[in-house]
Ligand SMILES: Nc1ncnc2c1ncn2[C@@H]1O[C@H](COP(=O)(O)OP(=O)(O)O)[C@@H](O)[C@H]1O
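Okay, here we've got a single chain as structure tokens, the form predicted alone, with questions on binding and movement later.
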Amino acid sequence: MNVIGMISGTSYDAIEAVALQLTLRERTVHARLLGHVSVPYAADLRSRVAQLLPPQTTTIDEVCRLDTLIGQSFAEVAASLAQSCFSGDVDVVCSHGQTVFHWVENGHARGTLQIGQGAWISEATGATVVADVRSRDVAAGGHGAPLASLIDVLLLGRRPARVRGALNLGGISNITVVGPSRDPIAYDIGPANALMDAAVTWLSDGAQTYDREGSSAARGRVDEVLLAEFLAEPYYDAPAPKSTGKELFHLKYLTSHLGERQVSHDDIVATLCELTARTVAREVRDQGVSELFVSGGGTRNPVLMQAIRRNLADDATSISLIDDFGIPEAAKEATLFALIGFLSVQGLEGSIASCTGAQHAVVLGAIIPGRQLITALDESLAPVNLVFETEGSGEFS
């Protein structure tokens, strides 16, 4: 099956998309990567998305307009990728869209909203489109996150001989943990890049939107008093499963902790970098992870990665990139949604209840029919393994 997976993450800077050929044989999904693109949002659109996100307020007409504009942007990327990789013959597109609000109250997810109308994608490509992928899990009592646990468990194994973890360092850090005598678990840890990005954007008056190669954090020194205040955040001690986002970790959250304190720009970024490293290391240590596989934009920040390794130096934890499984780190999230779309159109569950906190696993997403109907499969064929192939690379499992 020819499938495209798409997402714009919590940094809302680009549309990530992959083109995959997916097959299901003997309960193993075989994935061949044919294309991966990262297409930045137009400057005006990105600015409007920024004005929509918490703690900003907005209007319903702006939500409607952006739902269309983001949908059209995703549609343009999908149509281009379908043409270049499949000569226009794409069966399924799964679009995560853009998260604009994730409603968590008293430790429970009450709702989640991703915009980017999928009808535009279906019209542009003729494909069956799977969208609104998180809401069904929330309705089943889950957090709708981390959905990456699906791909993590398929890659790491549901019950491996040793405890293994998959860490994603996006706007928010999340972890999936599997082991020999436990059900898989997954949860959001806290801010990975969200607060650092907010700080850099604010301190540079928008000239920069992230700490490129960790240069600011490298120049700065950690303010231990300020760091202790950040670490006192109650979310970190909340039990899993749990989820969070920029509804909590945003610029006003940062400035409220700074108060009247005089801290240099670089010291602020260095402190936030250390916050991410320490919160991640605590969870990796508490879960007893012996092998950790990392993905997300944070892997391209050498100062952050060094800080994580330093905080885990006394633990027997090996740290590698998810690329070891054949999936390019930058393509992992888009690959996840391609996999979800592939399963959903065939009536197969795409969530793991023990990871999201739902009462049961569910088929994810709302389906917009394409030119051809796709036949559902027997649920007994649901995959238990994922093998990823790239051109000339052989197979990874």
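Residues carry their position along the shown sequence, with the first being 1. Worth saying up front: this structure is predicted, and the values here are computed from it rather than measured.
As for the form predicted in complex with the named molecule, it is not shown, yet the points below apply to it.
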Worksheet entry | 4.5 Å heavy atom contact, Asp67 and the named molecule in the model of the complex | no
Worksheet item: Quick one: is Gly71 in contact with the named molecule in the model of the complex, heavy atoms, 4.5 Å cut-off?
Response: no
Worksheet item: Does Thr112 make contact with the named molecule in the model of the complex, using a 4.5 Å heavy atom cut-off?
Response: no
Discussion item. In the model of the complex, is there a heavy atom of the named molecule that lies within 4.5 Å of any heavy atom of Asp223, even though the partner is absent here?
Written reply: no
Worksheet item: Taking Pro191, Glu274 and Thr276 as the candidate spot, are all three within 4.5 angstroms of the named molecule in the model of the complex by heavy atoms?
Response: no
Response to the item:
Answer among 293-301, 150-158, 236-244, 131-139 for heavy atoms within 4.5 Å of the named molecule in the model of the complex: the stretch 293-301
Discussion item. If the cut-off is 4.5 angstroms on heavy atoms, which of these, Gly165, Pro184, Gly97, Gly171, is the one near the named molecule in the model of the complex?
Written reply: Gly171
Practice prompt. Scan Asp89, Glu213, Asp314, Asp286 and let me know which has any heavy atom within 4.5 Å of the named molecule in the model of the complex.
Written response: Glu213
Fill in: Those residues of 311-350 which, in the model of the complex, come within 4.5 Å of the named molecule by heavy atom
Glu333
